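Presented below, as structure tokens, is a lone chain in the form predicted on its own.
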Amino acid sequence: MNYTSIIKKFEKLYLKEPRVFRAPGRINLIGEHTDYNDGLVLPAAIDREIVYALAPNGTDTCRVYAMDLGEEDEINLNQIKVSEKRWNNYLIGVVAVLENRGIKIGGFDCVFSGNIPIGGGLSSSAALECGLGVGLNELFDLKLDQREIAFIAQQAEHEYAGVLCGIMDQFASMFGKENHVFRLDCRSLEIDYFPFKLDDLKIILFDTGVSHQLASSEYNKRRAECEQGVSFLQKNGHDDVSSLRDVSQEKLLRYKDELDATVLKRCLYVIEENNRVVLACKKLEEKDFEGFGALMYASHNGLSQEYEVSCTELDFLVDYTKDKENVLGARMMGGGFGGCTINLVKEEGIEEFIKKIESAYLKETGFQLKTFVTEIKEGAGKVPS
């Protein structure tokens, strides 16, 4: 990211010097759609980010400028309401949640820019929310810790973006550690870091370039189906079950003839995926990256067949890699119905592999494949001046 251009734009608009903050997007190696089921996930922060230039302005108005869109808007602290500009509702959400919690801030001036692909499943929205949260925390000395900022960002996503996301995206943006992935227990919020520095392997993201309109509504529908499974078990005497985290495959399958077939599939996937995260961490400890890659493929199969959140473009990209010697693993990543696949690829011959998959994807779909070789970086914070 070019921090200088953001600072210069801020100084031109507001005639003062800003403080600069950043929040990264994230990848998730394995553990998809488990976070809102109190499950396990294995994310990391990456070298794609949202950058904020911020300064207080001594008024009750927040002036915000989206540099990449060339659009500006305002937030009136005395009358916070949804904006017609969709991008600003993520910022409004953070401000509103702070206000509703009795955490007072003043007016501020803001310029932000980013290089996280929108709709690519890299959690640009969480980075938007967390970046502003980190900046306002320092700007107004709010004394919030990282977890509090993450939960404020999540609440903003729920109430102002209408997506009932789990906590993974915000925690990944806040708690990322360079050259490490971390296993997050979404129930206890316990974090365990695992080294993930690969000298001869690269993490490649292939962005399908499609974002099917089903994504948000189907995301909320999947959450409701999982809750339906939990409710069924509770009504059948399992008082110890508060989420799918409490359910074994054996326990669920006792009711395979009574549970709604679709609900059964959804719940089975979540249970299996939690088990895959545990196994994946063991593979990392053993430095068995081929075994890790096999679990990525199994994850995609579950997401496509049982959870049914994939699409033809994602399936094509994953299937294409399966007979390629330099690819250890691949799967769809994020909410689904478009966005990215994440791929663990040997560095040798990587350029030739990228050319071939780009050509094959163009021929198959008519879309130009966007490719990102990504690195694991630190979580959100202030940019040193």
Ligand code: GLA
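Keep in mind the model is a prediction, meaning the values are calculated, not measured. Sequential numbering from 1, following the sequence displayed.
Below: the form predicted together with alpha-D-galactopyranose (GLA), not depicted.
Asker: Would Phe151 sit within 4.5 Å of alpha-D-galactopyranose (GLA) in the predicted bound form, counting heavy atoms only?
Answerer: Judged by the heavy-atom cut-off of 4.5 Å, Phe151 is well away from alpha-D-galactopyranose (GLA) in the predicted bound form.
Asker: Please tell me whether any heavy atom belonging to Asp169 falls inside 4.5 Å of a heavy atom of alpha-D-galactopyranose (GLA), as the geometry stands in the predicted bound form.
Answerer: So Asp169 counts as contacting alpha-D-galactopyranose (GLA).
Asker: Can you tell me if Phe353 lies within 4.5 angstroms of alpha-D-galactopyranose (GLA) in the predicted bound form, counting non-hydrogen atoms only?
Answerer: No, Phe353 stays farther than 4.5 Å from alpha-D-galactopyranose (GLA) in the predicted bound form.
Asker: Though only this chain appears here, would Gly329 touch alpha-D-galactopyranose (GLA) in the predicted bound form if you measure heavy atom gaps against 4.5 Å?
Answerer: Heavy-atom contact with alpha-D-galactopyranose (GLA) at 4.5 Å: absent for Gly329.
Asker: Phe232, Tyr160, Tyr219, Trp87: which sits within 4.5 Å of alpha-D-galactopyranose (GLA) in the predicted bound form by any heavy atom?
Answerer: Selected option: Tyr219.
Asker: Answer yes or no: in the predicted bound form, does alpha-D-galactopyranose (GLA) come within 4.5 Å of a heavy atom in every one of Arg26, Cys165 and Gly334?
Answerer: Yes, all three are in contact.
Asker: Choose one stretch from 65-73, 52-60, 339-347, 26-34: the one whose residues place a heavy atom within 4.5 angstroms of alpha-D-galactopyranose (GLA) in the predicted bound form.
Answerer: That would be stretch 26-34.
Asker: Just to make sure I understand: among 1-16, which residues lie within 4.5 Å of alpha-D-galactopyranose (GLA) in the predicted bound form, judging by heavy atoms?
Answerer: Heavy-atom contacts to alpha-D-galactopyranose (GLA) in the predicted bound form: nothing from 1-16.
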